[in-house]
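Below, in structure tokens: the form predicted on its own, a single chain.
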């Protein structure tokens, strides 16, 4: 066990017994949704993982300790703290641990701590990616580089629709990260079920995903995988509505000089306001949908590992 890592007793027992565990990020709690929906959603996602046969491990840094599996009180603290809670990616982890701080983990940081704990499946909403205008700003999420180096399968509704989806796929291809479309042939665009971008690889059940995971790491290919799981049709938003809201949010971010870590929370907040709260409702449903699939994948993978 890594000396800087603590496991919740439930998570530790599941890992020791070889039972399926699903990692969950905490940035969505502090930075992705307002109070109290953030707490309600975090608890609902954990319940969904349990209902489908796996143990949830919400990940964060608590008092300078990397933590895989949180108590309800710890989740509530992150939710009430909101954006005042530090947002931790790869570059921030060592500082937060060294200084004894508490912080919510992004996709990248969650993957790192999950891998330290021996957790191979992670459910989130959408991964980060190449931001629009990155040719000038060089704004590329650390999530992509983490996927290229850390052996964790990330179940998501594609990349966040506020990003440049085409360049995000190109980056993942360059770095050898498989992007598996779960029962789909085009990349899901977070709030909408598809985009203009075709995927080269499709899988139709959790067992097939687990087999790809096993082969990927048995071959010594250290990268993670993206499992792109479209939002359920009944909760998807019209593409034209989302395109208009995103365009306006991007323009406002540029006018206000929003940069760095503040960009994604700002854009998601503005898109939610511009859609009258519809995007938040869809966001919650897609995360629950990803938790269900991740639990199935974790169970299938646990059955393969000797």
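Positions refer to the first chain, counted from 1. What you see is a predicted model, and the numbers here were worked out from it, not measured in a lab.
Form predicted in complex with a small molecule: not shown, discussed below.
When the small molecule is considered in the predicted bound form, residue 58 lies well away from it, no heavy atom lying within 4.5 Å. Though the partner is left out of this view, residue 184 does not reach within 4.5 Å of the small molecule in the predicted bound form, counting heavy atoms only. Proximity of residue 106 to the small molecule in the predicted bound form falls within the 4.5 Å heavy atom cutoff. Contact annotation: residue 235 falls outside 4.5 Å of the small molecule in the predicted bound form, judged by heavy atom distances. This chain is displayed alone, yet in the predicted bound form one of 149, 193, 101, 87 has a heavy atom within 4.5 Å of the small molecule; that residue is 87. Listed stretches are 122-130, 224-232, 198-206, 169-177; the contact stretch with the small molecule in the predicted bound form is 122-130, by a heavy atom cutoff of 4.5 Å.
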